[in-house]
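We begin with a single chain expressed as structure tokens, specifically the form predicted alone.
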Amino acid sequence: MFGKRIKIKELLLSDNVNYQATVMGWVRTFRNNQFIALNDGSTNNNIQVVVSLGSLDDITLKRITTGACIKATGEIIASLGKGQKVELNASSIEILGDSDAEKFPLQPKKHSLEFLREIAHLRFRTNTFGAIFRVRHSLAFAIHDFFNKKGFVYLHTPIITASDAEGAGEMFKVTTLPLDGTAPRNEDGSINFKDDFFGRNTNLTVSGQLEGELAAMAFSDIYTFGPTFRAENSNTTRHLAEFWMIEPEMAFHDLEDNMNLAEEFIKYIIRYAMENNREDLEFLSQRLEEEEKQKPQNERSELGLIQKLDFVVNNDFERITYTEAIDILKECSHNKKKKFNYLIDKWGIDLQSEHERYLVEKHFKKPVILTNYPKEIKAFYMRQNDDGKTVAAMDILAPGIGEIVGGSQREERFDKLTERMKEMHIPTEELDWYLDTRRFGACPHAGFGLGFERIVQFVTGMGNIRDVIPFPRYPKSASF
């Protein structure tokens, strides 16, 4: 029964007429008891199903409501209506699933993104979210395609871990111990994890990088692509508590190799989406254009969505050092007129999103790769430069978002790494397995992390990261 179904996208792309076809999907609208706009999620475009007057009984007609799921069989004919080449002249219609029109939340009208977040289980059926998640799929496929073509090994790193790769401490605990205060404790009052499931303190991972480095010391080139978790109380348009990360690790790579690969990678996946999701991106571009009209003139983007993506894939990223960036920011009129929330007054401070966006949107007007950050604001595993002040780190900054990639050349020298870990109070005994990669056949290596939702946000032009993941997790929200 269902094997005969033809996807609506396939029908609409073809000029063929005068043949029998079966379509299945969800009713968007039903006009005059005659014209059904049907959508199956393969495209934003609906096929018009024409019901001959008198061909259906009244009971069936009443069941063809917005949101109902139907099967329609009939002849594909040339359409006389505007904006469509073909339509289906139905010879039979079967109701697969009823929908109470009065209770169905997605009426044929414009809904706010805030409202749609409240019904995230149904928002896939809208044009906006249909386009977003088809683009998300293409980007995910392109990621695997890119690394596979380069001979990388796809590695699944643990989701439950006993290490904090970032040293930030903002992690979700994983435990089977009781939460009512009766968990066993040590003499100093801390929780005794010996009776816990894993027999030690464990968390949800913030990164698969450390495990990725272990594999790179055997396979040369690996990548991970999986969920990561941050327990920071950030209610922003850029942060999620659960998100997906792509983390390649490459043996025999230095900082420059790392930058080159990251830039090539970003351009590849964006280009793939542009070639395979043009229709969706044009819809999202038009949506963004209408949204931009509501903003003051000085806050509007200079480029439309398609133009922005074209610009990124066809131009070299600007590459500057952290020190050069600080000089630019310190001397810019924005800083001198105190328009930044965080003023730039000295070398060594951590750049905020507003600084990153100023560099890419106002100063260079293109993506920027910042390198050689102060070691005090970066992780312990980054390779120390000869100046004693900076590390071989790199961040890629994108218009509209800020940091989209973070990476570095890793510290391969055992003595330098352990010295840095002691400085940062990271227990070497707990990471002894990690240090083995420096004891046995160490080599220069590098890697980076790309937050998948950030790149989806960038490519779709969506203003809030909660709208590019199916079911967003953030403070006080774990619905669905």
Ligand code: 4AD
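Keep in mind that this is a model prediction, so the values were computed, not measured. Start at 1 with the first residue shown and count on from there.
Although it is not shown, the form predicted in complex with the named molecule is what the next lines describe.
The putative spot formed by 209, 407 and 451 is fully lined by the named molecule in the predicted bound form; each residue has a non-hydrogen atom within 4.5 angstroms of it. Checking 376, 256, 403, 98 against the named molecule in the predicted bound form, a heavy atom within 4.5 Å turns up for just one residue: 403. Only one of the listed residues (370, 131, 171, 240) places a non-hydrogen atom within 4.5 angstroms of the named molecule in the predicted bound form, and that residue is 240. Heavy atoms within 4.5 Å of the named molecule in the predicted bound form map, among the stretches 101-109, 226-234, 173-181, 271-279, onto 226-234 alone. Although the partner is absent from this view, residue 381 contacts the named molecule in the predicted bound form, with a non-hydrogen atom inside 4.5 angstroms. Under a 4.5 angstroms non-hydrogen atom cutoff, the named molecule in the predicted bound form lacks residue 142 among its neighbouring residues. At the 4.5 Å threshold, heavy atoms of residue 392 stay clear of the named molecule in the predicted bound form, well away from it. In the predicted bound form, residue 465 approaches the named molecule with a heavy atom inside 4.5 Å.
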